[in-house]
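Single chain ahead, written as structure tokens, the form predicted on its own.
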Amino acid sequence: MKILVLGGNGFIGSHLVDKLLLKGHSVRVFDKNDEHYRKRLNGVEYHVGEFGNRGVLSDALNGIDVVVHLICTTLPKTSNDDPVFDMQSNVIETLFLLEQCRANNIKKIIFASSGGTIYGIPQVLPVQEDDQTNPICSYGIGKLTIEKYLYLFKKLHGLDFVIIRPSNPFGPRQNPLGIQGVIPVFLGKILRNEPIQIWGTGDIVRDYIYIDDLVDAFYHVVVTKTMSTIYNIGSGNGHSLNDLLSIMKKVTKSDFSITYTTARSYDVPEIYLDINRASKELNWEPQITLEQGIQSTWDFIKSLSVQKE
């Protein structure tokens, strides 16, 4: 099978590319940058361009069977700053992608939505795929809008699709110097002996999924016909920021400094996902515990420090 991974040089994408190559698939990557931590891989065809570069994107779609759409130009915490850009760069350009998928007779598209922002403030926990979707940030609204357009293109043009709503993925190759991914960012600060800043009291609860478990779910929906079109992919459990800090103290054997500041208005107080549908229909279960995943991420971040030396 010939698979195009949009965002294939990013954190999630690079791990998915590894899985696809391991399973013997032909892989093409479209991304605006090369991988941050590795050189280009043998056997992968690379197309470099911004998501809005329609010519490069059109070329990348030629001869493809399945598209995995992992690109998002904004982050939840910054999307409200410029919702017009959020819509133009994500929703509008995804519409162009869908039109091109139809024109190129693509068999299926897999879309990475958001299990953390789509639902907004949940009424019941854990959150199921059919629960209300009331996002409170532009990022979540954009993801939800794209989901609706996927249904439209299925109805009008027969474009097959699957939506993955991941919780908070983490693991090796996630940037410890970035602004997304609380686990690698915190671990990076611990390694550099910098204080950790917490917005609020640290009681905010999220669902964290290790990257290998998330990629296993993506791979399943890429290569098989699924019963449903939407799957929550997470651990199925909620952990507070204070829980994370406690595990990190154990893993890193460090007594680091923590500061607490005013909570942010757009943060959902508590959310974690019901993963029963994925468990039953995909025969999928997360295999890596939170502590195991934090240990692997810590080992990776320490290896970066050693390489610099």
Ligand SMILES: NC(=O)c1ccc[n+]([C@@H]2O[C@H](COP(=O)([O-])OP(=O)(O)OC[C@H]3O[C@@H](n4cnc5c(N)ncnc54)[C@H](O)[C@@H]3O)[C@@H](O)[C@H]2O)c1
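Quick caveat, the model's predicted, so the values are computed rather than measured. Quick note: we count residues from 1 along the sequence shown, nothing fancier.
What comes next is about the form predicted in complex with the ligand, which does not appear here.
Of the candidate stretches 235 to 243, 184 to 192, 166 to 174, 220 to 228, only 166 to 174 contains residues with a heavy atom within 4.5 Å of the ligand in the predicted complex. Interface membership of L290, defined by any non-hydrogen atom within 4.5 Å of the ligand in the predicted complex, is ruled out. Contact check for F51: a heavy atom falls within 4.5 Å of the ligand in the predicted complex. In the predicted complex, the ligand lies within 4.5 Å of some heavy atom of A112. When contacts are judged by a 4.5 Å heavy atom cut-off, T73 counts as touching the ligand in the predicted complex. With the partner omitted from this view, the residue of T262, N33, N42, T259 that lies near the ligand in the predicted complex is N33 [heavy atom within 4.5 Å].
Of the residues given (N104, Q180, T78, Q128), Q180 alone sits with a heavy atom within 4.5 Å of the ligand in the predicted complex. Interface residues of 121 to 145, taken as those with a heavy atom within 4.5 Å of the ligand in the predicted complex (partner not displayed): Y139, K143, in sequence order.
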